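Single chain ahead, by itself, as structure tokens, in the form predicted alone.
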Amino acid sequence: MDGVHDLGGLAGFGPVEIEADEPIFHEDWERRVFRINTAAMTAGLIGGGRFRHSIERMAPDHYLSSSYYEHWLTGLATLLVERGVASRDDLEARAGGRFPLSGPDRGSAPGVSGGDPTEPRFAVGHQVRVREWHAPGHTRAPRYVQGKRGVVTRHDGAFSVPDIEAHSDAKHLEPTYSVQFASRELWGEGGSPGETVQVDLWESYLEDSQ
């Protein structure tokens, strides 16, 4: 999904600030959010694709002005309301005021044909190009690699395609790859000669570029 959440490779947001000796949780509420999220996933109420897309559906100003675990809390609460486990009234009564939720899911799962392919189509060393598309739904193909060419360096097994599980209860397995990109391919003159970036990608994101 195109949106403010896909910040990888974008300039203009300043340097990444690294906190020395950063704790796992800064506040106890962050620990509680982590525990609730783990419990909801264990109970099968949410999955990885749905969870990530619930965060992508946050209002842009809310997303950019909130912290990492606030993203988690908003996405998790949204999914639990959509599943009927909680209601907005419940949340606002406990919060003592307005409780922001993500917008509705307007995406759809991409269509697939046949079974679950597990044998990789592309061999190690194969030159591939990442498909460029702007679907309204979820994808794990970062915007900064779409349309770019790279080389397959590793097969990582077959896993559920998040673009599908984000919008349905269905799962579809596909081979996954580690693909190496030259930084100049990704960022032109902004890249450094000899510098490369590895990105993990599902097979349906790739096409032959040889």
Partner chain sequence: MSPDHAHSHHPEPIAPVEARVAALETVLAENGLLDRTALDEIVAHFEDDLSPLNGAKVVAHAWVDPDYRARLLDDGTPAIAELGFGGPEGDHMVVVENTSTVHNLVVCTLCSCYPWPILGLPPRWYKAPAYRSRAVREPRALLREMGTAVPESVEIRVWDSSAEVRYLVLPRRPAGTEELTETALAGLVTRDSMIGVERL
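From a predicted model like this one, the values you see are computed outputs, not experimental measurements. Positions refer to the first chain, counted from 1. Heads up, when I say rigid core I mean the largest set of C-alphas that superpose within 1.5 Å between the two forms.
What comes next is about the form predicted in complex with the partner chain, which does not appear here.
Spot the stretch among 129-137, 103-111, 75-83, 116-124 with residues whose non-hydrogen atoms come within 4.5 Å of the partner chain in the predicted bound form.
Among the candidates, contact is made by 75-83.
Heavy atom of K171 within 4.5 Å of the partner chain in the predicted bound form:
No.
Against the partner chain in the predicted bound form, would A166 count as a contact residue? Criterion: heavy atoms within 4.5 Å.
No.
So in the predicted bound form, does R52 come within 4.5 Å of the partner chain, heavy atom to heavy atom?
So R52 counts as contacting the partner chain.
If you check in the predicted bound form, is I36 within 4.5 Å of the partner chain, heavy atoms only?
Close contact exists here: in the predicted bound form, I36 approaches the partner chain to within 4.5 Å, heavy atoms only.
Residues in 12-47 close to the partner chain in the predicted bound form, defined by a heavy atom within 4.5 Å, in order
Going through 12-47 in order - heavy atoms within 4.5 Å of the partner chain in the predicted bound form - the hits are F13, G14, P15, V16, E17, I18, E19, E22, I24, F25, H26, E27, W29, E30, R31, R32, V33, F34, R35, I36, T38, A39, A43, L45.
Core aligned, does the CA of R131 move at least 2 Å between this form and the one not shown?
Where the cores coincide, R131 shows only a C-alpha shift between this form and the one not shown that is less than 2 Å.
After superposing the rigid core, is the C-alpha displacement of P15 2 Å or more between this form and the one not shown?
Yes, its C-alpha moves 2 Å or more.
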